[in-house]
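We begin with a single chain expressed as C-alpha cells, specifically the form predicted alone.
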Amino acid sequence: MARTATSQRLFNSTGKYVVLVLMAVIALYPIFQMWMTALRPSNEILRSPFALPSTLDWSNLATAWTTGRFGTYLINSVIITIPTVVGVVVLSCLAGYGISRFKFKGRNIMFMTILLGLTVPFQSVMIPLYYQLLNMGLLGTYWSVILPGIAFGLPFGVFLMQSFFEDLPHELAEAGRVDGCSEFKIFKDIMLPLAKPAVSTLIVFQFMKSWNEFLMPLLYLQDENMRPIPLGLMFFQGAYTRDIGLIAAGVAISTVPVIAVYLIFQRQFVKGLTAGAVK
C-alpha cells in the first residue's frame, strides 16, 4: 500500500515537471530561434530557416548596431523609460499607501476615479493630448512621452500597491507609532521594505510597457534622433526588408534590456504575483 502511494506521488511529480518543461520550451523557443536567426547569414536562413547555424556569425548584430543606429535608439529608450518607471513607482507607492492606510472623506471615490484610468485607451485621447502638449511647449521633447506614460501607468500601479499595502498587518504601523515614528518614516522604513515584491512586479510591468511603447513616440517625437527602439526597429525593418538576419538582429538587440530587467527582479516578481494567493 505504501509502495503504491509512493509510486503515485512520483508519477504526479514527474507529470508536473514534464508539463513545466514543456511550457518552458514553448515560451523560450521563439527567443532561441530569434537569436539563432540573428547569428546566421541571410542566404543560409533562406536555405534552411529553422536549422541551427553552422557557425555563429556576429556581423549581423554589429551591422544592426552601427548601420541601424540602434545605439542611439537604445539611449533614447533609456531616457524615456527610466523616468517613466521611477515616476510611476514612486507615485503609485505613495498613493497606494495613502488610500489603503488613511481613512478620509472621498477615499473610495478617489480610488474608483483612479481605476477608471484603466478603461481609457490612449487612442481616445491622443489628439486632445497632442494639442495640449503643443500648447505647453512639450511636443517634440522627451517629456511629451514621459509625462503621459506616467499618467497612463498610474491606474494599474496604484491598484497594485493599494491591494498589497491593504494586506499588510496594521499592527506594524501601530508599533511604529508607539516607538515615535512619523507616518512617512513608517511608510519608508517599515511598509515599503515589506512591499518589495509588489514594487518589483510594478517595475517589470511598467518597464516592459514603456520600453515597447510605439504609438506615443510616433505621434509626439518627430525628430529622428529622438526615436526609441520600437520606432527605430520599424524604420530599420523598412530599409532592410529582405535581409532577415539583420531584422532578427535588430529585434534581438531590442529584447536584451527587457530580459535583463526580468532576470534581475525575477524572484521578487514571482513573489509579487503570488502575494495573497496563500493565507
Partner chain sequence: MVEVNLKNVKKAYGNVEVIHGIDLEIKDNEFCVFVGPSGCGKSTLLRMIAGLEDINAGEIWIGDKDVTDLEPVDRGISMVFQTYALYPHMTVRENIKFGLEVAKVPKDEIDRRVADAAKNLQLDSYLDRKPGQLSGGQRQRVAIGRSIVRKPDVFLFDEPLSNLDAELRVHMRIEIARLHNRLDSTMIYVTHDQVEAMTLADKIVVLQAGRIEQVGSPLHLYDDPDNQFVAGFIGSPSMNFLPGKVTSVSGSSVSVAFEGGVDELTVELSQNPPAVGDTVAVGIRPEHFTINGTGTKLSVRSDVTEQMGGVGYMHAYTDKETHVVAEIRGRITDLDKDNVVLTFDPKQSFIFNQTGARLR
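Positions refer to the first chain, counted from 1. Everything quoted here is computed from the prediction, not taken from an experiment.
One more form of this protein should be noted, the form predicted in complex with the partner chain, which is absent from this view; the next part is about it.
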Every residue of Ile99, Leu160 and Glu166 near the partner chain in the predicted complex, heavy atom within 4.5 Å: no
Interface stretch in the predicted complex with the partner chain - options 149-157, 71-79, 84-92, 181-189, non-hydrogen atom within 4.5 Å: 181-189
Exercise: Arg107 in contact with the partner chain in the predicted complex, heavy atom 4.5 Å: no
Partner proximity in the predicted complex: Val125 to the partner chain, non-hydrogen atom cutoff 4.5 Å: no
Residue contact check: Ala175 to the partner chain in the predicted complex, 4.5 Å heavy atom: yes
Touches the partner chain in the predicted complex: Leu194 (any heavy atom, 4.5 Å): yes
